[in-house]
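There is one chain below, alone, in C-alpha coordinates, taken in the form predicted on its own.
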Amino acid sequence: MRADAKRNYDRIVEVARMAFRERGYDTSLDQIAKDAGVGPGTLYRHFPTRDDLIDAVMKAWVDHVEETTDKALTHEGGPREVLLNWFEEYVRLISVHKGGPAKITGAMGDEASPIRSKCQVLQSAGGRVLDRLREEDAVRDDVTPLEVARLVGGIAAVADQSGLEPAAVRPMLEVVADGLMK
(Lines give C-alpha, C1' and ligand atoms only; values in the text may rest on other atoms or scores of the structure.)
Protein backbone atom coordinates (compact mmCIF):
# COMPACT_ATOMS: atom_id res chain seq x y z
CA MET A 1 0.00 0.00 0.00
CA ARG A 2 1.33 3.43 -0.92
CA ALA A 3 2.17 5.74 1.98
CA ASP A 4 -0.70 8.15 1.21
CA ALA A 5 -3.17 5.27 0.88
CA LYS A 6 -1.99 3.85 4.21
CA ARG A 7 -2.42 7.28 5.87
CA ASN A 8 -5.96 7.50 4.47
CA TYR A 9 -6.74 3.96 5.62
CA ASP A 10 -5.46 4.63 9.13
CA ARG A 11 -7.27 7.97 9.34
CA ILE A 12 -10.58 6.43 8.21
CA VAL A 13 -10.25 3.65 10.80
CA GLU A 14 -9.47 6.11 13.61
CA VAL A 15 -12.34 8.44 12.67
CA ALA A 16 -14.69 5.46 12.36
CA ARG A 17 -13.60 4.18 15.79
CA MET A 18 -14.53 7.52 17.34
CA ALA A 19 -17.77 7.81 15.35
CA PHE A 20 -18.88 4.29 16.28
CA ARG A 21 -18.08 4.96 19.93
CA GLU A 22 -20.05 8.23 19.95
CA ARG A 23 -22.89 7.59 17.50
CA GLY A 24 -23.05 3.82 17.02
CA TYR A 25 -22.43 1.47 14.12
CA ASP A 26 -25.19 2.97 12.00
CA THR A 27 -23.45 6.34 11.67
CA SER A 28 -23.20 7.65 8.10
CA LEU A 29 -20.21 6.33 6.18
CA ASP A 30 -20.24 9.51 4.09
CA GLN A 31 -19.91 11.51 7.31
CA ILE A 32 -16.99 9.31 8.39
CA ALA A 33 -15.29 9.96 5.04
CA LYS A 34 -15.88 13.70 5.41
CA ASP A 35 -14.59 13.73 8.99
CA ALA A 36 -11.50 11.78 7.85
CA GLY A 37 -10.83 14.33 5.13
CA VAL A 38 -11.31 11.88 2.26
CA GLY A 39 -13.97 11.40 -0.38
CA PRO A 40 -16.57 8.63 -0.18
CA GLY A 41 -14.83 6.82 -3.04
CA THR A 42 -11.64 6.55 -0.98
CA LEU A 43 -13.56 5.13 1.97
CA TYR A 44 -15.41 2.59 -0.19
CA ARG A 45 -12.21 1.60 -2.04
CA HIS A 46 -10.68 0.59 1.30
CA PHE A 47 -13.92 -0.66 2.87
CA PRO A 48 -16.50 -1.87 0.33
CA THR A 49 -19.06 -2.55 3.07
CA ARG A 50 -19.87 -1.14 6.50
CA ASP A 51 -18.94 -4.51 8.01
CA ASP A 52 -15.48 -4.32 6.41
CA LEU A 53 -14.94 -0.99 8.19
CA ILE A 54 -16.26 -2.38 11.47
CA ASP A 55 -13.89 -5.34 11.10
CA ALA A 56 -10.91 -3.00 10.67
CA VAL A 57 -11.92 -0.98 13.73
CA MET A 58 -12.15 -4.16 15.80
CA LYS A 59 -8.68 -5.58 15.01
CA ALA A 60 -6.89 -3.94 17.99
CA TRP A 61 -9.83 -4.93 20.15
CA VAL A 62 -9.08 -8.63 19.55
CA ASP A 63 -5.71 -8.33 21.27
CA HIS A 64 -7.40 -6.63 24.19
CA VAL A 65 -9.87 -9.54 24.49
CA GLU A 66 -7.00 -11.99 24.94
CA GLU A 67 -5.34 -9.83 27.62
CA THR A 68 -8.65 -9.40 29.44
CA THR A 69 -9.29 -13.15 29.39
CA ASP A 70 -5.86 -13.86 30.83
CA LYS A 71 -6.58 -11.42 33.67
CA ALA A 72 -10.03 -12.92 34.26
CA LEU A 73 -8.51 -16.37 34.61
CA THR A 74 -6.24 -15.14 37.41
CA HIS A 75 -9.01 -13.27 39.25
CA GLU A 76 -9.07 -13.88 43.00
CA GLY A 77 -12.13 -15.50 44.50
CA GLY A 78 -14.31 -18.53 44.14
CA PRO A 79 -15.69 -19.90 40.88
CA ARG A 80 -18.85 -17.75 40.98
CA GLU A 81 -16.78 -14.59 41.46
CA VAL A 82 -14.43 -15.58 38.62
CA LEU A 83 -17.43 -16.14 36.34
CA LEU A 84 -19.10 -12.86 37.31
CA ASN A 85 -15.83 -10.98 36.82
CA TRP A 86 -15.55 -12.49 33.32
CA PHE A 87 -19.17 -11.54 32.55
CA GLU A 88 -18.55 -7.93 33.60
CA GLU A 89 -15.38 -7.78 31.52
CA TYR A 90 -17.21 -9.36 28.58
CA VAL A 91 -19.96 -6.73 28.78
CA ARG A 92 -17.33 -4.00 28.91
CA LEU A 93 -15.47 -5.48 25.91
CA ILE A 94 -18.50 -5.63 23.65
CA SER A 95 -19.87 -2.27 24.82
CA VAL A 96 -16.95 -0.11 23.69
CA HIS A 97 -19.05 1.26 20.80
CA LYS A 98 -22.69 2.33 20.93
CA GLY A 99 -24.71 -0.48 19.37
CA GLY A 100 -21.78 -2.89 19.73
CA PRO A 101 -23.47 -5.43 21.99
CA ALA A 102 -26.39 -5.94 19.59
CA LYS A 103 -24.11 -6.04 16.53
CA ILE A 104 -21.69 -8.54 18.06
CA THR A 105 -24.30 -10.70 19.78
CA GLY A 106 -26.41 -10.80 16.63
CA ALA A 107 -23.42 -12.04 14.65
CA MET A 108 -22.58 -14.81 17.13
CA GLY A 109 -22.79 -18.16 15.37
CA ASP A 110 -23.34 -16.56 11.93
CA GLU A 111 -20.73 -18.15 9.67
CA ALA A 112 -21.41 -15.56 6.94
CA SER A 113 -20.82 -12.53 9.17
CA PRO A 114 -17.82 -10.35 8.26
CA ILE A 115 -17.10 -10.05 12.00
CA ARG A 116 -17.28 -13.83 12.45
CA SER A 117 -13.60 -14.05 13.41
CA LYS A 118 -14.10 -11.46 16.16
CA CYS A 119 -17.08 -13.40 17.46
CA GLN A 120 -15.00 -16.56 17.47
CA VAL A 121 -12.34 -14.77 19.53
CA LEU A 122 -15.00 -13.89 22.11
CA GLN A 123 -16.41 -17.41 22.14
CA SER A 124 -12.94 -18.87 22.53
CA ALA A 125 -12.19 -16.49 25.39
CA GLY A 126 -15.43 -17.42 27.13
CA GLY A 127 -14.67 -21.08 26.47
CA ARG A 128 -11.34 -20.72 28.26
CA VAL A 129 -13.11 -19.34 31.33
CA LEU A 130 -15.76 -22.08 31.24
CA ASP A 131 -13.11 -24.79 30.77
CA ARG A 132 -11.19 -23.59 33.81
CA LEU A 133 -14.35 -23.60 35.91
CA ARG A 134 -15.31 -27.04 34.57
CA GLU A 135 -11.92 -28.34 35.71
CA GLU A 136 -13.01 -27.26 39.19
CA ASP A 137 -16.39 -28.96 38.61
CA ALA A 138 -18.03 -25.60 39.30
CA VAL A 139 -20.20 -25.04 36.20
CA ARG A 140 -22.61 -27.12 34.18
CA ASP A 141 -21.20 -29.21 31.36
CA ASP A 142 -24.22 -28.84 29.07
CA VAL A 143 -23.81 -25.16 28.15
CA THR A 144 -21.69 -23.96 25.24
CA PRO A 145 -19.57 -20.80 25.04
CA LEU A 146 -21.88 -19.62 22.23
CA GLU A 147 -24.95 -19.92 24.45
CA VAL A 148 -23.25 -18.05 27.28
CA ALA A 149 -22.01 -15.34 24.90
CA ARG A 150 -25.53 -14.84 23.59
CA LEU A 151 -27.02 -14.66 27.10
CA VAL A 152 -24.47 -12.18 28.44
CA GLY A 153 -24.48 -10.29 25.14
CA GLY A 154 -28.26 -9.95 25.37
CA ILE A 155 -27.90 -8.35 28.77
CA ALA A 156 -25.22 -6.03 27.39
CA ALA A 157 -27.49 -5.08 24.47
CA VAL A 158 -30.33 -4.19 26.83
CA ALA A 159 -27.96 -2.10 28.96
CA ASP A 160 -26.55 -0.38 25.86
CA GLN A 161 -29.94 0.47 24.41
CA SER A 162 -31.53 1.59 27.68
CA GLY A 163 -28.53 3.33 29.21
CA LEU A 164 -28.46 1.13 32.33
CA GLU A 165 -25.67 1.80 34.80
CA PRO A 166 -23.22 -1.04 35.52
CA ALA A 167 -24.72 -1.47 38.99
CA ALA A 168 -28.06 -2.36 37.37
CA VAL A 169 -26.41 -4.88 35.04
CA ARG A 170 -24.68 -6.99 37.68
CA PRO A 171 -27.90 -8.50 39.15
CA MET A 172 -28.85 -9.76 35.69
CA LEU A 173 -25.38 -11.24 35.24
CA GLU A 174 -25.75 -12.92 38.64
CA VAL A 175 -28.91 -14.66 37.43
CA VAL A 176 -27.01 -16.08 34.44
CA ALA A 177 -24.04 -17.07 36.61
CA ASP A 178 -26.29 -18.80 39.14
CA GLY A 179 -27.92 -20.73 36.31
CA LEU A 180 -24.51 -21.98 35.19
CA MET A 181 -23.11 -22.96 38.58
CA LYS A 182 -23.43 -26.55 39.80
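Because the structure is predicted, anything quoted here is derived from the model rather than measured. Position 1 is the first residue in the sequence shown; the rest follow in order.
Keep in mind that the form predicted in complex with the DNA is not shown, yet the notes after this line are about it.
Within this chain, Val62 is remote from the site of the DNA in the predicted bound form, having no heavy atom within 4.5 Å. In the predicted bound form, none of the heavy atoms of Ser117 sits within 4.5 Å of a heavy atom of the DNA. In the predicted bound form, the DNA sits beyond 4.5 Å of every heavy atom of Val175. Shown alone here, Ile54 lies farther than 4.5 Å from the DNA in the predicted bound form, counting heavy atoms only. Of the residues given (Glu67, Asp30, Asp131, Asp141), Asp30 alone sits with a heavy atom within 4.5 Å of the DNA in the predicted bound form. In the predicted bound form, no residue of the candidate spot (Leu73, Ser124 and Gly126) has a heavy atom lying within 4.5 Å of the DNA.
Just one listed stretch, out of 132-140, 145-153, 37-45, 109-117, contacts the DNA in the predicted bound form at the 4.5 Å heavy atom level, and that stretch is 37-45. Using a 4.5 Å cut-off on any heavy atom, the residues of 5-24 that reach the DNA in the predicted bound form are, in sequence order, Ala5, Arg7, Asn8.
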